[in-house]
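Have a look below at one chain only, the form predicted on its own, in structure tokens format.
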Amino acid sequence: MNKRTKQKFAFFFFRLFSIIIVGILIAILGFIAVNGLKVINWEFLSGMPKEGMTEGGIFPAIVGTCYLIIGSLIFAVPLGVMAAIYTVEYAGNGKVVRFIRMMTNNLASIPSIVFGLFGMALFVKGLGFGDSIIAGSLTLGLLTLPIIIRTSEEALKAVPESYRTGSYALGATKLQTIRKVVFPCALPNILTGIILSISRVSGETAPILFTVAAYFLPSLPDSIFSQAMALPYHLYVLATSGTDIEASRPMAYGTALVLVVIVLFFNLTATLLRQRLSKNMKNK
């Protein structure tokens, strides 16, 4: 078998695997959409749950999920990006950086339920936040830190060294170079890590189970110290326990569809922002 034939076989398998992956994604989304659209209406999206969550809507769970996503990003993004700036721009390649990266990798490998137990011990019990939005947001923020740190590091490393050298030659300080040159160039790729973290946060059930999620709460939270319903936990309850499973099955599919749409909305918003920033950088 010559090289050209081997190359054709390789391209064929690569294309086949790509088609299979896309097909699986379409099948999952299609299954959720077909079953979920049957119950999607205005009352379902804007109403409060009723009759043991077999009737009514999921509006409190939608609001709670959005609060948790935004709250976790407010905590994790600044901390993760600053940690990445320190490791790439200040710390060099010494033992400190190797230790930080090793700990980051270890943090990324910890099961999410362990984060939930830690969040319950520290934020719920230790700091006295109780089961609340702030406790859940901080726990989810810890969960997404490794993703943001590593993607931010790679984004900063991708900035050409000539940009830094040129900035120093013009008399800029290191901080000015990072703030005016390096960070704006790396920002579009940093947003990639934020997109990945949104996807991770929005679907987690175990951490919020211990820190914020309410089983049945037909009202909206009035502060960051309030409990809240969340779509992942709401979906788990509808599909497994605590209610008439068969009666609530259509609502489970509808809840799953809404959760997917919310994730896609946040991801699309971040992607459009990244593309706009990239375009602005090219035009400068």
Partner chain sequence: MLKKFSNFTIKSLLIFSGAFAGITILFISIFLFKEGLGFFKKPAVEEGYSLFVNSKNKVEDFDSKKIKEIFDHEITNWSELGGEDVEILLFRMDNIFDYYSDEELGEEYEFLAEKLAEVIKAEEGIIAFVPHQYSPAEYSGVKELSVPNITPSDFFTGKDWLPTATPSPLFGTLPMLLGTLLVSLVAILFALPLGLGVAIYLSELAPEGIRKFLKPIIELLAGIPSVVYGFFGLVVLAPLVQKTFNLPVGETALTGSLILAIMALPTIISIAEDAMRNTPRAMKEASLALGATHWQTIYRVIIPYSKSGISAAVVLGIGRAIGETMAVLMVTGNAALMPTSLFDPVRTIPATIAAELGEAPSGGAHYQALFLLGAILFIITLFISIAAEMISKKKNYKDM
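Residue numbers count along the first chain shown, from 1. Bear in mind the structure is a predicted one, so any value in this text is a computation, not a measurement.
Quick note: we don't show the form predicted together with its partner chain, though the next part is all about it.
Q: Looking in the predicted bound form, any heavy atom of Ile74 within 4.5 Å of its partner chain?
A: No.
Q: In the predicted bound form, is there a heavy atom of its partner chain that lies within 4.5 Å of any heavy atom of Lys38, even though the partner is absent here?
A: Although its partner chain is absent here, Lys38 would stay clear of it in the predicted bound form, with no heavy atoms inside 4.5 Å.
Q: With the cut-off set at 4.5 Å between non-hydrogen atoms, does Arg249 touch its partner chain in the predicted bound form?
A: Arg249: yes, in contact with its partner chain in the predicted bound form.
Q: Taking 4.5 angstroms as the cut-off for heavy atoms, does Thr240 touch its partner chain in the predicted bound form?
A: Yes, Thr240 lies within 4.5 Å of its partner chain in the predicted bound form.
Q: May I ask whether Ile70, Val88 and Asn280 all come within 4.5 angstroms of its partner chain in the predicted bound form, judged by heavy atoms?
A: No: no residue has a heavy atom within 4.5 Å of the partner.
Q: Among Leu45, Ile224, Leu220, Ile28, which has at least one heavy atom within 4.5 Å of its partner chain in the predicted bound form?
A: The option sitting close enough to the partner is Ile28.
Q: At a 4.5 angstroms cut-off on non-hydrogen atoms, which residues of 204-221 are near its partner chain in the predicted bound form? List them in order.
A: The stretch 204-221, when checked against its partner chain in the predicted bound form, contributes Thr205, Ala206, Leu209, Phe210 at the 4.5 Å heavy-atom cut-off.
Q: Are Phe183 and Gln275 closer or farther apart at their Cα atoms in the predicted bound form than shown, with the shift being 3 Å or more?
A: Pair moves farther apart in the predicted bound form.
Q: Quick one: Phe14 and Arg150 C-alpha atoms, closer or farther in the predicted bound form compared with this form (3 angstroms or more)?
A: Farther apart in the predicted bound form, by 3 Å or more.
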